[in-house]
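Here we start with a single chain on its own, the form predicted on its own, put down as structure tokens.
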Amino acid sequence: MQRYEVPAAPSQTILDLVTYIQRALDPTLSYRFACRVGMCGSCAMTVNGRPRWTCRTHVAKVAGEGEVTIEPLKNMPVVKDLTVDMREFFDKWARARGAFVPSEDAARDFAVVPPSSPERVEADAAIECIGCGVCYAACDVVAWNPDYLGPAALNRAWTLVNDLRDDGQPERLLAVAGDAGCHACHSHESCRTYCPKSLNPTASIAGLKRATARAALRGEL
């Protein structure tokens, strides 16, 4: 750990602190950011032990007695300083079959998806994930079992399970039903607690548990 003293400023964010350090105090400091307005999620770090988007975390709300501790996201290898290697995080999206699989007749006509259909409602509740990694860093099961696919990848799989246009369901359910899949979730809801988008990956994972159980009873898994 390295200690720095940064001058206070009105409406100062944690990302402002890190940027000041890199520009004025330590040009070797490594970190990620892009939009600075809470859209991309690339500035996620651990602030006082909690994963957060640093661009939307104001210093005044988290700095007790004028101090704050900033660390890289947990459950991912550290590349340097506050920068982590997210390859495994995104590789797990692929292992969870998180890519849309069009049906053979997808190009013939537009699929009509009623907004009020149960499937569309389920997908809408989970679709806004932007892959920032906060839920993955907060997940106790990932910490215990590095093979666990994690809440973000499983949440993405659930949106596709509910997409009537998708044709990859048998393989997808098989991919999320293994020892490192949805049934490994302990439902601690850390992902829901810390998600900056207020999503509920725990509910998505519960949906996958039900879907894989039904598929198993039908002899499809």
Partner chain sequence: MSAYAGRTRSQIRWEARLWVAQRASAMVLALCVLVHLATIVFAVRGGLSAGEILSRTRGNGAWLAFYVLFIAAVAIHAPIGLRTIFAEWLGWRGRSLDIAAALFAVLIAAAGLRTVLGLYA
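Quick caveat: nothing in here was measured; it's all calculated off a predicted structure. Positions refer to the first chain, counted from 1.
FYI, the form predicted in complex with the partner chain isn't displayed, but the following is about it.
- Under a 4.5 angstroms non-hydrogen atom cutoff, the partner chain in the predicted bound form lacks residue 38 among its neighbouring residues.
- Contact check for residue 141: a non-hydrogen atom falls within 4.5 Å of the partner chain in the predicted bound form.
- Taking the partner from elsewhere, residue 197 is found to have every heavy atom lying beyond 4.5 Å of the partner chain in the predicted bound form.
- Residue 61 falls outside the set of residues with a heavy atom inside 4.5 Å of the partner chain in the predicted bound form.
- Here the chain stands by itself, but in the predicted bound form one stretch of 125 to 133, 77 to 85, 141 to 149, 110 to 118, 141 to 149, has heavy atoms within 4.5 Å of the partner chain.
- Among the residues 161, 55, 180, 70, the one placing a heavy atom within 4.5 Å of the partner chain in the predicted bound form is 180.
- Although the partner chain is not shown here, in the predicted bound form the stretch 195 to 220 places heavy atoms of 209, 213, 216, 217, 219 within 4.5 Å of it, in sequence order.
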